[in-house]
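In the form predicted alone, a lone chain appears below as structure tokens.
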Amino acid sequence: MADKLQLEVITPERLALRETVDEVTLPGLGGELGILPEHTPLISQLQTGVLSYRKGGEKKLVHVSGGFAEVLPDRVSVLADVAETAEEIDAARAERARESAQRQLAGGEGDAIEAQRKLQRAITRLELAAQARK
């Protein structure tokens, strides 16, 4: 019986994270998924949000956007379009992206669904960056 989870977060560009952890919370398409060792296997689509994990008494946060997660009793594998720790987020760039998406939505320019996705990614990045500064 496993008492830890092997967590891997992979993007098309890199292996963003590989840790042995106690628990994981994922932003699943239908809501947050709490994962502990010996969880029932599942595959879930991810939405833009914060993946959190606990290692001992320490909780860490990672921005993820798009992709899928595979959960096995001893492993969580996340294949995300984007994955960034709070320290990796450029808050100024995220603020510019938020402003651009808001202008696009207000002006009715281009694809509104894609603009909404960009806005959500920027907001999540800004929230995570603010938490890292505390």
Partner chain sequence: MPNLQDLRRRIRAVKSTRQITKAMKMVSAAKLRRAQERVTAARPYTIKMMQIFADLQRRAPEYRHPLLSGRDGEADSAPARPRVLLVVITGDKGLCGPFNTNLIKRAQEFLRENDKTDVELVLIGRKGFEFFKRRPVTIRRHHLGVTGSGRINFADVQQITGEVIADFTGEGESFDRVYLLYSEFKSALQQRQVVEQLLPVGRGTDADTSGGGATETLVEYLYEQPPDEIFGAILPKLIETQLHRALLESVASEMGARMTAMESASKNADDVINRLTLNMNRVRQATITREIIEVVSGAAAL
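In this text, all values refer to a predicted model and were calculated from it rather than measured experimentally. Numbering follows the first chain given and starts at 1.
The form predicted together with the partner chain is left out here; the points below concern that form.
Undergrad: Please run the contact check for L36 against the partner chain in the predicted complex: heavy atoms, 4.5 angstroms, yes or no?
TA: Although the partner chain is absent here, L36 would stay clear of it in the predicted complex, with no heavy atoms inside 4.5 Å.
Undergrad: Please check if A94 has a heavy atom lying within 4.5 Å of any heavy atom of the partner chain in the predicted complex.
TA: So A94 does not count as contacting the partner chain.
Undergrad: E88 versus the partner chain, in the predicted complex: is there a non-hydrogen atom within 4.5 Å?
TA: Because no heavy atom of E88 falls inside 4.5 Å of the partner chain in the predicted complex, the answer is no.
Undergrad: Examine A106 and determine whether its closest non-hydrogen atom to the partner chain in the predicted complex is within 4.5 angstroms.
TA: No, no contact at 4.5 Å.
Undergrad: Give a yes or no on whether every one of I10, P41 and E70 sits within 4.5 angstroms of the partner chain in the predicted complex by heavy atom.
TA: The answer is yes; I10, P41 and E70 each reach the partner chain.
Undergrad: Residue by residue through 69-93, tell me which have a non-hydrogen atom within 4.5 angstroms of the partner chain in the predicted complex.
TA: Counting only heavy atoms within 4.5 Å of the partner chain in the predicted complex, the contacting residues of 69-93 are E70, V71, L72, R75, S77, L79, A80, D81.
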